Every structure is written in structure tokens, then in C-alpha cells.
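The chain below stands alone and is given as C-alpha cells, in the form predicted alone.
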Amino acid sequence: MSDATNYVTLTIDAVEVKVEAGTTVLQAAEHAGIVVPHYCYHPGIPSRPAQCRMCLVEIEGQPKLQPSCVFPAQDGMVVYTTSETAETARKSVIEFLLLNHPLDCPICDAAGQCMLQDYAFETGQLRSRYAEAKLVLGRDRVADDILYFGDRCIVCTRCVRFMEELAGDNALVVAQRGHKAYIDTFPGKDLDNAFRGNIVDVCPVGALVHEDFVFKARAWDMDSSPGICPGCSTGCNIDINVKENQIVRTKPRLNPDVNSYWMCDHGRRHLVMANRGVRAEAPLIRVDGELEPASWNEALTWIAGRLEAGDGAAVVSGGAANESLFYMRGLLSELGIDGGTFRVLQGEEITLPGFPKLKLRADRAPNVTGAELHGFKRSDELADVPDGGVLIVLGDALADAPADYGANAGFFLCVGSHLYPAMVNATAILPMTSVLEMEGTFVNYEGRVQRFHQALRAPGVARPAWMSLSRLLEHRGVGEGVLDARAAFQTMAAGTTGMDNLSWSGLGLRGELLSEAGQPAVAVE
């Protein structure tokens, strides 16, 4: 096909736009940076019912206003999104929606991120001509952790269509009709889908809310950081919302190559629980049989002088960053220790039918591929520790380790973010930041290298493992310590097969596939 048959050119608000044939007028307006108000349309949900009537636009040659979310762009078309006729219709729709909508913006959890609030303010509709009492529908629980405020609902049906078309679950329905319509679970069915949390994300108002978020924060109270979900090997792109150094909400971040607009509920719960427990906040070294705190320089000097080459074992975590695994491999090589293992918690694999690439995968760790890439082997058991040898543990909680694990080692170095019972046998402990408190990269199941960013402040003097391990190597006379994630990544990429063509800035917010001669290095499902 020629370029002329693949594309159409139209004019929207005096701006000429060239888009692919089949693109809707609303999508064409987005290409031109023109915002057309809408509620029921969502770019990730296939159906477009055009029922909210907010996206009506005036098109030359058409006898009446047209819903831009379904009207196809045509060559030579002239569109007006802000004409008097279109704006009058839009104001009428908003006035209708506000007839029964409660004026509870001061206590609504969607305040500051509510599309109805934004459009009502933009159109200047600060008073209502409706004098009668508002219809009160009250609050309901549609799932164990999701609340539904019926009087806030504008019945855009995004939630119902997500569950039916993407989750493959018809647990949600529109009950009643007309001004009495509301969202409810289908009689006899429970909303227990593994991806149900996305109905809160797609709601354009404050009708659907996660119960653990209610009254916790406003949009302007939270800091947001782009991250990678550590819940499984999919590596969903997410936004982490933080208030007072606590995660209060996680939302999926658009990446068409990984998770589109969605994420699973396991990932949301995993992130909220990630930093609970007793944290390691300062380096500890064993003096006269007792673990005592030390400064970083003192601890690194002490450890470097006592680590001896010879027999040993290493246990790492499938949730450790690539940069940390790289420097861990460097330390093991310096000590003459071959191998190293990691364990991965397994779970049920659950697919989002409407976007099959998104799965809650069986491997409940984000960097299994990265661990294998750096030469560590998957194992179901903890590594055997040779008597009098060296044992180094990076990131593994040793939750199921026997009480005497590592007690027979000549030197037991633990680099971890939390203090666990098995660590009482350690010769030295270096406090590590969690993935939420540092920058670094993961490699997901298909070989996509993705960056995650710091969202929380680290406790005490905890440092990223790549920083402490690189400095430990420096104290042993090998290389130089690194103090920032970019330098750690560049050193790691240059020394890792398949990554030498990647750059820190080139990864951006969507990541890049590992490649060999331009082809993915890891097979894609």
C-alpha cells in the first residue's frame, strides 16, 4: 500500500493532523495535543459505547454533533472541538451528571485526579439549577478490598467492560436503568479476580476506591516515582505513590510492550508489604563473639582483611538488581568461589485474557533472568556450606534456613535489607536498601532490561548492595567503588554478555530487550 492509502489528513481546531486510516477523531486530536473531554472511552478497553456524550464534536458536513471516540477520521475532514455548539452540549452533559453527584470533593479520595472535577471547573459550572434533593445511593463493598460509592458513579461502565472484555469475568453488571442505575456484582458471583484492582484505576471519578487508600492521601500530598513491580518475573511498569516515606498506593504505568495499562493485585499487595519487618540499618561486625555496629569504612576494611580465598558458597536473591549481582559475581571471582545459587518462590500462573502477555507468573521474583545471566543457578535448596569456608548471602531472607545455617563457615557475610533469625550466625552484616530505596535494573522473563527508580528514603545508613560490594572490592584492591547507579550500570553492562550495547539513558521508561545480532537473547513466549 502507498503512504496515501495508509494515512488520512484532517484539520482539528485549525491544526492539520496526519494519522493512520481507522484512527478515531478523538485519537487524532490527541496526536495534535488537543484534549477532548471523555469518560466512557479508555484507550486500553476495546469497546467504545459512546454513552457518556462528553466527547461530542462539530464536524463540517455532519448534520449533528458526533461522538469523537467512535467517529473515524477521514481525509479532508474539518473538526471543531471548542465550537459554541460542542461546548454547549458538553456543559449540558456535565450539568446532568452533577444533578445527583454529591459535592463531597473535600473528602473524596479522587480529589485532584477526578475528570468530572476538572471538566466542571473548566466549564465554570459552579451552580446547579436543580433545586430538588439529590438521590443518595450510599456506599457498598464490591470486593474484599474495593469500595463503591454509588452516588459518585457516572455509570461510564469502564469497570464493567474491563472485567468482561479484559479479565474475562462478568462479575460486574449495571443494575437498574436510567437515573437509578448503579454498578453491582452479578447475583451469586463474587468479584475475586486476580486483576480486579484495575477497575479502581480506570474509574474516572471517585466511585471505586481501594479500601486501604481511603482518607490516606490527596493527589498533591503524594510523591510519585516510576518503578518496576517486584512481585513476579513479568516486570510490570508501575507508579509508586508515597506520602511521608510510606507507600500509600501503586498504579500501573503504561508500557505496551510489557503490561499495557494493567497490573495484578498480587503486585500491589507485595509492594505495600515490601518494607515491613526489622530493617538492617547499620553495618555489624563480630567482635569478641558479639555483633557490634561499625562505620562503613571500618566495616569494609575489617571484612576485606578477613575474607580469604578458598572454598565457599553463595546464595543470592532473584529480586536483587543486576548491578548488585554483577559486583557479587566479581567478589566471588576474587575469592575463587565458583557458582552461586538462588531460590525462587513459586505460585499459580494467572493470565489477563484481554492482554495475554500480562501474567502473574509462576516465578515470584523480578530478576530471575538477570540472576541466570550473571552466572547464578536456580536451586530448590540452600547451598551447602563447606566447613571453615566462606558463605556470602545477598538479599535472601533465609526464612526457611535451619537455626545453625552458616555457623560452620569460617566467614559468613550477609548483605541484606532486613534482619532475620539465621543472621545471628553471621560474621558481618552489611545493610542493603530494598529495591524501593535505590535505583537499578531488572531483566524480566523475556529479556527486557528495565530501570526502577528510588521511591523511599533508606533507613539508617543502608546503601545499595552494588555500592557496598564495589567498595568492598576496592578495599581488596580490585577496581574502584561506584557511588551512583549510572556508573554501576555502565560498568555492569560493559562486563556482561548481551548488555554491552545498552546504555543507562537509552533504557528510558520502557526498557530494552537484550540482543544478540539484533535478535532477542531470551525467547519470547
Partner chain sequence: MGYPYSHDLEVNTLLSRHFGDEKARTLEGWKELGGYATLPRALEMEPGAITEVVKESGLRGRGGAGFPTGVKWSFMPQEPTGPHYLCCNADESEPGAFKDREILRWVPHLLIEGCLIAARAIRAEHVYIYVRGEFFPFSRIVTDAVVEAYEAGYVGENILGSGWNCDVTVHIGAGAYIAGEETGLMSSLMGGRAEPWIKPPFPAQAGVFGRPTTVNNVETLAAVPMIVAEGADWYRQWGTEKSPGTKLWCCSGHLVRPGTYELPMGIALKDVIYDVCGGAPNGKKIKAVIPGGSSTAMLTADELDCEGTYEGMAEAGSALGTASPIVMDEDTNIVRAMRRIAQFYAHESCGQCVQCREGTSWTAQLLHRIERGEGSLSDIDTLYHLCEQMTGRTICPLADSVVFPLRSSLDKFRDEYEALIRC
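Numbering follows the first chain given and starts at 1. This is a predicted model, so every value here is computed, not measured.
Only in words, not in the display: the form predicted in complex with its partner chain, which the text now covers.
Among residues of the shown chain, Arg53 is one whose heavy atoms approach its partner chain to within 4.5 Å in the model of the complex.
At a distance threshold of 4.5 angstroms between non-hydrogen atoms, Asn100 is in contact with its partner chain in the model of the complex.
When contacts are judged by a 4.5 Å heavy atom cut-off, Ser295 does not count as touching its partner chain in the model of the complex. Mapping the unseen interface onto this chain, Phe121 falls outside it, with no heavy atom inside 4.5 Å of its partner chain in the model of the complex. Heavy atoms within 4.5 Å of its partner chain in the model of the complex belong, among the stretches 371 to 379, 85 to 93, 409 to 417, 295 to 303, to residues of 85 to 93. Checked against its partner chain in the model of the complex, the residues Ala403, Val214, Ile107, Val174 give one hit for a heavy atom within 4.5 Å, which is Val174. With the partner removed from view, the residue among Lys243, His179, Lys189, Arg139 that has a non-hydrogen atom within 4.5 Å of its partner chain in the model of the complex turns out to be His179. Along 136 to 165, these residues reach a heavy atom to within 4.5 Å of its partner chain in the model of the complex: Ile154, Val155.
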